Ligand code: TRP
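Below, in structure tokens: the form predicted alone, a single chain.
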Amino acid sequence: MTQRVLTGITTTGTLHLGNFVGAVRPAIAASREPGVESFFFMADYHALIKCDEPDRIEASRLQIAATWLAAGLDTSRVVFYRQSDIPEIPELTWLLTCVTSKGQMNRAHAYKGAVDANVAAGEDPDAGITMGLYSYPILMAADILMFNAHRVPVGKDQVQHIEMARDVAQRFNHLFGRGQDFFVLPEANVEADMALLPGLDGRKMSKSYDNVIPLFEGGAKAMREAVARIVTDSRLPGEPKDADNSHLVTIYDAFATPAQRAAFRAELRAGLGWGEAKQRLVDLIEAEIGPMRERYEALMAHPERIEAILQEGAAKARALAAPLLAQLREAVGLRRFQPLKAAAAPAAKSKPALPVFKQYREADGKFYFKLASAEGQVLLQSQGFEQGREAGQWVARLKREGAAALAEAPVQRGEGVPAEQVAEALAALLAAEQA
């Protein structure tokens, strides 16, 4: 079975060497694997949430597209497009918004983090928070569900959003599917051993720390000057160096073969000077990045070529998106006018849909469960457990004992949910268990 993998790139800046090692290079390599259908998109609608500088967004879109193409993204194998070129995505966002509970959005990490920061600063809780920030997990869900991606590579901080996308997909399928699932349920693909390149000062390479090695911007000169600023210890040429605790060596390892790594460490232990070591690093990086930089500069000089590639990618993406959206419009009742069907005779009353317990793991590594109504409203939310077994035991007890177990259960009711509603839901589950 072909697996669809979807990767979004937010267009608010330029990429550096750490982005290349940690994200660009492995993603391009993964796209070449057999049995994988890859979707890469420029998340420029998402960029509007974070940035209100049009010129910066315009430049970033071009620079990042050129970077991926120069780095070897094969657009004959993947679907490469701009989010803003697919009008079906914002329309799907609205359809999903109409079935997403506000309580679920209130629990989104980004929104809660912004509220907490405002409260800590003595501001109104919602000061400066836009509806874009508040509801961007729904846009992210639309990005994923529009193409029914099976896997979404994300960092640990984004796992919650994949869980939200799954919840919204399930709710839409339940409400409008009539036995058909329009959406597959995506899985978060968290790379536990994702390479995190250290910056010039040893901390994670990040523009916020001003410690990055540029990828293409500024050319070979900017890269060479950045490497020269890598912090090393004060040992002189001829003195043995601690190769195992040097972030210069860690950066070298990201571009070297096993044989090169071993030889470099041996030379440092034998007294290779840091200046010469930095030149070796420049030469090694340049061997891989130099040809890419040439392609990047050629693309940047002819943006119409990039535009043509993205328009071709948009056509491929819309060929998939448009038929699905047509099905969804039909399902929710946004149909072409035709004679209305005669009212059907009352059907035998079907059994009401039952609430459901869901167990999952959050980005903090702990295990949680929640009780949701058939419509998707969160009725109970558990605390975090160190072991998944503990969460499972509490779910089994609540199913077995119903509301009688609530006094001891490590749970809290969903926002605005009365105790009677929880008790009724548990009673329904208990009756189903005993039936």
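Everything quoted here is computed from the prediction, not taken from an experiment. Quick note: we count residues from 1 along the sequence shown, nothing fancier.
One more form of this protein, predicted together with tryptophan (TRP), exists but is not displayed; see below.
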is_contact(residue 65, tryptophan (TRP)) in the predicted complex, heavy atom dist at most 4.5 Å: no
Interface membership of residue 136, tryptophan (TRP) in the predicted complex, 4.5 Å heavy atom rule: yes
Exercise: residue 167 in contact with tryptophan (TRP) in the predicted complex, heavy atom 4.5 Å: no
Tryptophan (TRP) contact in the predicted complex: residue 154, any heavy atom under 4.5 Å: yes
Region of this chain that lies against tryptophan (TRP) in the predicted complex, out of 42-50, 65-73, 402-410, 378-386 [heavy atom, 4.5 Å]: 42-50
Heavy atom within 4.5 Å of tryptophan (TRP) in the predicted complex - residue from 212, 321, 140, 248: 140
Listed residue that, although tryptophan (TRP) is not shown, lies within 4.5 Å of it in the predicted complex (heavy atoms), from 148, 158, 173, 232: 158
